[in-house]
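Take a look at this one chain, the form predicted on its own, written out in structure tokens.
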């Protein structure tokens, strides 16, 4: 039997009159959800609705804070100091924590979004700022970061539980970073290809990089972007493959020590 693994997705990214993603379908197949906190996406109405949706499907919830960049969907790198990042993370996590509490559910984890996630993966100062923000709120929160990244190391330095994340639908560079969006091979949306590579991540702890080499990787939680075309089909294919292989699927709080 394979190790226990979590399937997560970024949801709650609609706002106002704008509908983004397939939350109602995606939530049927994941074990954890990363909910936008109203800064890069989402709004108070969507946040409350998404927390209730996750609760109804018995999906664990986490805060998904990003750069204050609604126009750019949080995927543009903003020049913010570690102190600014720390305060923005506290603000966003605190908002989602309040929604979770009002609905009678626990906040399981914190996972930065988009450009904030990618910058924290390589810059220790910003990674430490995020980890310090999370630790200051609640040391029982799990910090989710790119496997092998500065963010994962910062969480360990801060004494937090850390979940190493891999991406089902994103390409990898040979150094373990993600291929930049818009570049060839950055997004993978063939269900069979995604299912095969995820199975390899979980069974062997390896993933094929953009140059064809295999790099080591730790897969505690596997991310599926809720706004990726065909996200539901990808999730169905991967979940089916992992169950076929004997993997146990569960929220990260059930197996991250």
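Since the structure is predicted, the reported quantities are computational estimates derived from the model, not experimental observations. Positions refer to the first chain, counted from 1.
In what follows, reference is made to the form predicted together with a further copy of the same chain, a form of this protein that is not presented.
Contact annotation for residue 136: at least one heavy atom lies within 4.5 Å of a further copy of the same chain in the model of the complex. Proximity of residue 13 to a further copy of the same chain in the model of the complex falls within the 4.5 Å heavy atom cutoff. Contact between residue 20 and a further copy of the same chain in the model of the complex is found at the 4.5 Å heavy atom cutoff. In the model of the complex, a further copy of the same chain lies farther than 4.5 Å from every heavy atom of residue 63. Of the residues given (208, 188, 196, 45), 45 alone sits with a heavy atom within 4.5 Å of a further copy of the same chain in the model of the complex. Heavy atoms within 4.5 Å of a further copy of the same chain in the model of the complex belong, among the stretches 145-153, 117-125, 86-94, 164-172, to residues of 86-94. Along 213-228, no residue reaches a heavy atom to within 4.5 Å of a further copy of the same chain in the model of the complex.
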